[in-house]
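Only one chain is given next, in structure tokens, and it is the form predicted alone.
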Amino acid sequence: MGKYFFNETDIRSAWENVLTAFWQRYPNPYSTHVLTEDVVFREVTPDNCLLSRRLLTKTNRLPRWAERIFPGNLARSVYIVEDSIVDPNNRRLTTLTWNLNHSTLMTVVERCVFHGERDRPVWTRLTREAWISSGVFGLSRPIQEFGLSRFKSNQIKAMKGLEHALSKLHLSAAQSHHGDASKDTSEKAKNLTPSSSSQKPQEFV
């Protein structure tokens, strides 16, 4: 029997912004354990959904007690597959991730749903689930406890990383809006400036 994690969070940002930030969240100062990300497959379905598969590489540091048990040549990186479906009609992004290597030691499957609610257009509901299991006989319980603890820590970092990407997105939009406004003001001021050429005043008799 493995470990199960469930969490729901409200993100104060429109779903379209959260979707953009999701693709731009790496690199960020809160997810330095994420080393690489590569798109393996991408396709638009006939019903206008975007299917993607990405491969991510993350660090895989073991706890000290595990380093005494498992071989020293155990890979220090873990390869993660991330499948995602973007459904713009229903304003829903669904992701499913799992590790490719070290699956006997521990398997972590995570499912996230980012849902933009019609009655709350400036909010996005994130539902996160995870299933953690281990196939190591006699040590599965402590390994699963460790996996759950690390997952909780990493999902907090993941949220901070997403918020970091959102703040950069909002800042960029604000600067772009300010630049356009300044340009319009300059053009209006230019049009209102009197011509420098002198004209003879019109005389009325």
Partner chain sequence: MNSVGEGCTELKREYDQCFNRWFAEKFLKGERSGDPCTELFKQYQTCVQKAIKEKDIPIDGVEFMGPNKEKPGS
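Positions refer to the first chain, counted from 1. Please read these numbers as outputs of a predicted model, since none were measured by experiment.
A second form of this protein, the form predicted in complex with the partner chain, is not displayed here; the remarks below concern that form.
Q: Are any of the heavy atoms in Leu171 no more than 4.5 Å from a heavy atom of the partner chain in the model of the complex?
A: Result no; Leu171 lies far from the partner chain in the model of the complex.
Q: Check Arg42 for me: does it contact the partner chain in the model of the complex (non-hydrogen atoms, 4.5 angstroms)?
A: Arg42: yes, in contact with the partner chain in the model of the complex.
Q: Please check if Leu35 has a heavy atom lying within 4.5 Å of any heavy atom of the partner chain in the model of the complex.
A: Looking in the model of the complex, residue contacts with the partner chain include Leu35, since a heavy atom lies within 4.5 Å.
Q: Find out whether any non-hydrogen atom of Trp123 is located within 4.5 angstroms of the partner chain in the model of the complex, and reply yes or no.
A: The answer is no: Trp123 has no heavy atom within 4.5 Å of the partner chain.
Q: Any chance Pro29, Thr59 and Phe146 all have a heavy atom within 4.5 Å of the partner chain in the model of the complex?
A: Contact check failed for every one of Pro29, Thr59 and Phe146.
Q: Can you list, in sequence order, the residues from 1 to 32 that come within 4.5 Å of the partner chain in the model of the complex, counting heavy atoms only?
A: If the 4.5 Å heavy-atom criterion is applied to the partner chain in the model of the complex, 1 to 32 yields Trp15, Glu16, Leu19, Thr20, Trp23, Gln24, Tyr26, Pro27.
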